[in-house]
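Okay, so here's just one chain, in structure tokens, the form predicted alone.
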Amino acid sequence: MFRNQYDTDVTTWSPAGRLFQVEYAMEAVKQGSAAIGLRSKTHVVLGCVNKANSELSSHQKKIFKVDDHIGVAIAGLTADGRVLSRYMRSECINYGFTYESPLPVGRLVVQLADKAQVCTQRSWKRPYGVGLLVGGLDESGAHLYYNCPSGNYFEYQAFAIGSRSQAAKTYLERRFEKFMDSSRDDLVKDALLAIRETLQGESLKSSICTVAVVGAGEPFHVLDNETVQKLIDSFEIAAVDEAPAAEPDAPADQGAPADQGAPADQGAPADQRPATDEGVAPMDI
């Protein structure tokens, strides 16, 4: 995106009917580290990638507990996400004090969307530069919502936001039909596999990801690193064992010497080859 004469104010419409400041806020969500969510009939699993700005710093917290039955995962500006999660926590406390019952997930999401929409209609405010995956459980079952900086909200069976999230979406789209009948452990495993898709070849470790679960009879909580690492090891070992078995069959199926395919790949200049670091987000916070 480039600057133009219609992006100096959030309330200024372009001739094409666009609000560029709102679109810039939505672009900030794409620059943050990836966050994913998926749900079954009884459970919701949230996961995120932990990226530090440097080797000397720790990563920022990306998953927040709102109430015993609700949690959020964020992508974008963590400062904005922290403020909105505090607002959601206050709404849950006020509702519980008044009505002595948990706040329904859908009602909280609508209140959050209304709060975000106000920032798109006031010249002295700016839109929140964060996307939120809200997962929770209420009387009507498990729910997963995505709140956009524009004030829109959508309910999903499974979804991913942030940088390199398209790879996770592709994985979730292939398997989402099985999620409704999945067990808790299967959901967690699918969440970790979706997170691995966003790493683009980087090995998945418990130190670079966070997974949280909420479900029937299970309040919202973040899984500890040991539990996550055991799950990672269980399918990482299986994947490593399957890969070498498939490699020897490849040359036989192709029916051509391996050296004939090499010049085609090496013929392009080095500056034209896709770099693996281009997908690194400048706002991995």
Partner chain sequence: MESNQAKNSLLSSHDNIQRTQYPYVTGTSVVALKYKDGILMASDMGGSYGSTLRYKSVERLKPIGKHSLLGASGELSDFQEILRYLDELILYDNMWDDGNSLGPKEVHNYLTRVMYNRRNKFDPLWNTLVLGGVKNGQKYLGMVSHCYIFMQVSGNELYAFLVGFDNDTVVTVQVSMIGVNFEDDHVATGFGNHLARPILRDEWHENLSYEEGVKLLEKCMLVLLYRDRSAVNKLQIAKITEEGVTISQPYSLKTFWGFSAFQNPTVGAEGSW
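Treat the numbers as computed from the prediction; the structure is a model and nothing was measured. Residue numbers count along the first chain shown, from 1.
Just so you know, the form predicted together with its partner chain exists too; it's not on screen, but the next bit is about it.
- Stretch 96 to 104 is the answer when you ask which of 96 to 104, 179 to 187, 165 to 173, 122 to 130 has residues with heavy atoms within 4.5 Å of its partner chain in the predicted complex.
- Using a 4.5 Å cutoff between non-hydrogen atoms, residue 110 counts as a contact of its partner chain in the predicted complex.
- Although its partner chain is not shown here, in the predicted complex the stretch 19 to 36 places no heavy atom of any residue within 4.5 Å of it.
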